[in-house]
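Heads up, the chain below is alone and in the form predicted on its own; it's given as structure tokens.
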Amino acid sequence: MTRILVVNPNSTAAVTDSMNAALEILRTPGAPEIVCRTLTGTPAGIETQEDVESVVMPTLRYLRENSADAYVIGCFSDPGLAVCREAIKAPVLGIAESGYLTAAGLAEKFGVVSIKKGSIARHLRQIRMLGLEGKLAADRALDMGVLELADRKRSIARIIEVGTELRDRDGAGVLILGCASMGTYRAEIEKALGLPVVDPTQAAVMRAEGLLRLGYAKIA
């Protein structure tokens, strides 16, 4: 059986557990094995550029030390994506990149639900790099940290509030959840807003599976 390794670069196991639960829908007969793991000795939440930079080399080391047929970096800042792709002889997917590319195929404009305002500049840099700036309706922040997102009731209410603004004020036709830990909230948010909602971790794992099924061993 082929194996997709999803690595959470922050040290909060609850985030990994949330990703793992959201990926259960993809564990079907004949599909690759999906394994989720948590780094240790890294920030509890990746919320600043300093946090992002601090986990790049630990992420690369972990991928080098743990064999898989494809890898997913489970953080919406895609830390270390370029260096891991250069060093690892297997497909390496970032969840943010995968989320943007998936959403771009679902509607004319996508909206991003960020955790904090400080995340927005990082997101915009990657969106521009991907050539998708014209597809962005807006990027709005929850003003909640990674650890706060574990409060399900509060998180869903706030995501729906921000998602409503993205839909009604900004014209977004699809929403992207801008954190790896939000995936288990997807169904409730879609029902409340009447829009497709992209869990970037699901998007990245499906993209990895597609590459494996088509026989692509390495992303350039």
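What you see is a predicted model, and the numbers here were worked out from it, not measured in a lab. Don't overthink the numbering: it's just position in the shown sequence, from 1.
Beyond the structure shown, there is the form predicted in complex with another copy of the chain, which is absent from this document and is the topic of what follows.
Heavy atoms within 4.5 Å of another copy of the chain in the model of the complex are found in exactly one of 186-194, 66-74, 36-44, 155-163, that being 186-194. Using a 4.5 Å cutoff between non-hydrogen atoms, Ile25 counts as a contact of another copy of the chain in the model of the complex. Proximity of Asp151 to another copy of the chain in the model of the complex: non-hydrogen atoms within 4.5 Å are absent; the residue sits far from the partner. Met1 falls outside the set of residues with a heavy atom inside 4.5 Å of another copy of the chain in the model of the complex.
Although the partner is absent here, Met19 lies well away from another copy of the chain in the model of the complex, with no heavy atom inside 4.5 Å.
Shown without its partner, the chain has Ala104, Gly105, Leu106, Glu108, Lys109, Lys117, Ala121, Leu124 in segment 102-124 as residues with a non-hydrogen atom within 4.5 angstroms of another copy of the chain in the model of the complex.
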